[in-house]
Every structure is written in structure tokens, then in C-alpha cells.
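Shown below, as C-alpha cells, is a lone chain in the form predicted alone; questions about how it binds or moves come after it.
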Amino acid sequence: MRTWYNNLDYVSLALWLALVTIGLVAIYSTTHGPAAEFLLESVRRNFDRQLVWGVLCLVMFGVALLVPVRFVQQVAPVAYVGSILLLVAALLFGREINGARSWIPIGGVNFQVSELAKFGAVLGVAHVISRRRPGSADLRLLLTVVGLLVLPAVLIVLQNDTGTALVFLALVPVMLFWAGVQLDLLMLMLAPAVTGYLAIVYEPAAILFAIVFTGFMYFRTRDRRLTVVAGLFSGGTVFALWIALTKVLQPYQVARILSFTNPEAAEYRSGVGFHLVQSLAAIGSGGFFGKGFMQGTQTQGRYVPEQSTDFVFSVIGEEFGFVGSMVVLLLFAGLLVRLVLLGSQMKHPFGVIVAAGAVGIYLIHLTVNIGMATALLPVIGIPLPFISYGGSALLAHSAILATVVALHMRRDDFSIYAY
């Protein structure tokens, strides 16, 4: 048996440092180049604040490595309950920033508790799943996991932060898969998301998918009830979305959803499509090698809104080109693969589920953020992990990674029992 500190995964730590460094470089470019003259003084300090948060997260990383496995397991339900209480407190007494009441000021620093709640939710779900006996994934466990993730999502929606709430909902099938829930049920849960996306992009494709998916479920299971549910989940989504877009939602809400399908259309270009048009222009103008650090015309001209947060990928694409963008994607791919490997080496379900939760959170953020920057998805407002400006997001994402690395490092300290 190796000494616990010899098990430290330096690869994960190096990937984290690389991504945080890239984020600092991009944020520096948006706040210290020619673009700085168009910025408020408070925005110009974004790099300094992010650098401080990066150092604090590095210290937190070191502290996490000293925490015993048993303590993490015992504190998991407390972390979940605490995150729920923070969400309620933010809803009742929090500060509103950019239209979302998700912030609680503590000692002069605003904490976005919806970001911190991701960490608590992963620990809470891991605690519940790890306490059941192997192979006992039943309806009760399914409903419990769904409830644990839907509750914070509802509270965050009430705070008017729909983008972050979607992360919790997207985590449901990820966590249930690792809990051992049947693949058929997971496909049923994913069907509405796929159908809904297709219905927005091209409605006939959504109808065709609903028909094919329903037929597939019948030939796979030969269960008529499950087939009916498949038809309702997929076909019903098309109908529900049509009702929402034509009868329920306001015109500006409809435009926000549909703008990514054709952001240069006259009805979108000067409004909600402006973000996407400028982001695409920035990424496209970067070419293969990019225009160079602090040389991007779109970036330095402040044409792209929210450059250091939601659209930070456009900065990388313009100034470092296709090569820089691929480096970022490869670093994320390496981190995700590494986390899957670390999870597979932890035999106890608690460690496995925490690692799966980390992979799910990073993958969801990566897909949505880059999909948004490249006009493949609607503008939702989700940061790129470790790269986008934001202390709360950096702290939460780093804490999740640090916990996985710490649990893997001390994997021999887990109980011999798998529940």
C-alpha cells in the first residue's frame, strides 16, 4: 500500500493550473488592452480579483488534500442542507446582480450561492447513493436523487437564474446512470431534451425523432406502457414547446430562444442575436493561429458583450485562433478523462459518484458555454469552468475537483463495505 500523499494525482492538478492560467490570460486581455478605456474602473480590476481567487483556490486545494475521507462522507449531508439554506437566504435577503437574486454579500465579497450549491448537491447525492446496497437501484432511490437535484434547481429558477438551474436538471441523468438506474429510464429522461432542441432548430426533425424514438423503445422493450410514455415524452415535448412559443412566452422570450438558429436575421441582429453575431465574428476572424495576445479587434473594441464571463471563449478564439481553441478543448478532454479514471480507481460508491458529478458539471458547462459562443445553443449564461471570470464559480469548480483528487489520493481509507 502506497503512502497516501504519494497517490496525489499531479496530472489533474497540472490541468487545473493550465486552465486557470488560460482564464487569467484571457481576462487580462479584456481588461488591460485598448478595451480598457471603455470599461468601468471596477471592471478593470477583474484580473486582479480573479488572480486573488486563483491563489485562494490553490490554498483551498492544498487544505482539501489534508481532509480525511471519513470527514468528507460525514459532512456531505450537512453541505447539502447548508447549500439549500443559502439558496433560500439569497432568495429572501440576497443581492440582485444582472437580474438574478443569487448573491449574498459576506465581508465585502459577493458570493453567488447558486454556484456553491453545485458542490453541496454533488456531495448530497453521493451520500444518498453510497448508503444503499449495491444493485438496489429502485424507484425510491430514483425519486430521491431527482428530488435532491430538482429542489435547488427550483430555488435557483425563483432567483431568476435559469441557466444555472439547468445544470442541476442536466445532472439528473448523469447521477442516475452511475446509481445503476436502467438505461431505458435514462433514455426516457433524455428524450425531451433532444426533442426540444430539434423542435427549435427544425420542427420536422423533432417529429421524426419522436416517431423513431417511440418505435425504438417498443422494439427494445416490447413494453406497451413504456412505449406510450416514450411517445408522450418525445411527441408531447414538440407540442408543449409549440404552445410555449406561440401562446405562453412573451415575444422577447421567444426571440431569446430562437435567435441562435439565425442570429444575423433582421429581427435578432440588433437585439438578442447581437451577442452571437459578435462572438462568431471574433472566433472566425482568429483564423488558425489567431491575431495575437491583446490584438483581437473584436475583443479590444469591446464588440462582444460579457467578454470575460459568458463569452470568454470568443477571446481565446480571436487572439489565439483555432490552435488556442483546440488547446482549451484538449485540456478539458484530458481533465474529463482523468476524472473518469480517478473515479474508476475508487471502489467505494461515494468516491465514484463524486467523480461522476464533477465530470457531469464540467461537461455540461463546457457544452453549453462553447455551444452558446458558437451559436449552436441559445444564450443561457453559464461560465466556462476555471476560465470565465467569477470568484464563486472558480471556487465551486475548484472545490469539486479538489475533493475528487483528495478522495482518490486517500482511496485506501474508504470502508471495505460498498454501502
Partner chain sequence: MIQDRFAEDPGDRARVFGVVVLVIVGILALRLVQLQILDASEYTGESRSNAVRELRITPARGTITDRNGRLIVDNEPAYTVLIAPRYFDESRAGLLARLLEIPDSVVTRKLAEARRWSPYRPSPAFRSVPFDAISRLLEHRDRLPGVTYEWEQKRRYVAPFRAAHVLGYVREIPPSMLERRQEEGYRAGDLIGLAGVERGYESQLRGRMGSAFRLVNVHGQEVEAFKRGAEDIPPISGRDIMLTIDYETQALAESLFVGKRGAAVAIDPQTGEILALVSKPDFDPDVMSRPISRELWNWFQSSADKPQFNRATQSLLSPGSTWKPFMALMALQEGAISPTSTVTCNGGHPIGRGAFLKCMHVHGTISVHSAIQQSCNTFFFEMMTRVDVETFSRYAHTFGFGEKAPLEGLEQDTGLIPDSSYFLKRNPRGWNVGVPISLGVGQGDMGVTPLQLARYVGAIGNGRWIHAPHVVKALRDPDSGQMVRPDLPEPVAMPFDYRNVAIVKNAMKAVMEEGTGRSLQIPGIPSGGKTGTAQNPRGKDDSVFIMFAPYDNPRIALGVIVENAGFGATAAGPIASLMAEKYLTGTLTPESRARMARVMQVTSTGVAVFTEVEE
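Everything numeric in this text was worked out from a predicted model, so none of it was measured. Numbering follows the first chain given and starts at 1.
Not on display, but discussed next: the form predicted in complex with its partner chain.
K.L.:
Though only this chain appears here, would residue 329 touch its partner chain in the predicted bound form if you measure heavy atom gaps against 4.5 Å?
P.N.:
It does: once its partner chain is placed as it appears in the predicted bound form, residue 329 has a heavy atom within 4.5 Å of it.
K.L.:
So, in the predicted bound form, is residue 183 in contact with its partner chain at a 4.5 angstroms heavy atom limit?
P.N.:
It does: once its partner chain is placed as it appears in the predicted bound form, residue 183 has a heavy atom within 4.5 Å of it.
K.L.:
Does at least one non-hydrogen atom of residue 317 fall within 4.5 angstroms of its partner chain in the predicted bound form?
P.N.:
Contact check for residue 317: yes, within 4.5 Å of its partner chain in the predicted bound form.
K.L.:
Contact between residue 302 and its partner chain in the predicted bound form at 4.5 Å, heavy atoms?
P.N.:
The answer is yes: residue 302 has a heavy atom within 4.5 Å of its partner chain.
K.L.:
Which one of these stretches, 90-98, 330-338, 110-118, 68-76, sits within 4.5 Å of its partner chain in the predicted bound form when only heavy atoms are counted?
P.N.:
Contact criterion met by 330-338 only.
K.L.:
Please identify the residue among 132, 256, 275, 348 with any heavy atom within 4.5 Å of its partner chain in the predicted bound form.
P.N.:
Contact residue from the list: 132.
K.L.:
Give me the residue from 378, 381, 54, 360 that has a heavy atom within 4.5 Å of its partner chain in the predicted bound form.
P.N.:
Contact check passes for 360.
K.L.:
Looking at its partner chain in the predicted bound form, which residues in 159-182 have at least one heavy atom within 4.5 Å of it?
P.N.:
Those in contact are 174, 177, 178, 179, 180, 181, 182.
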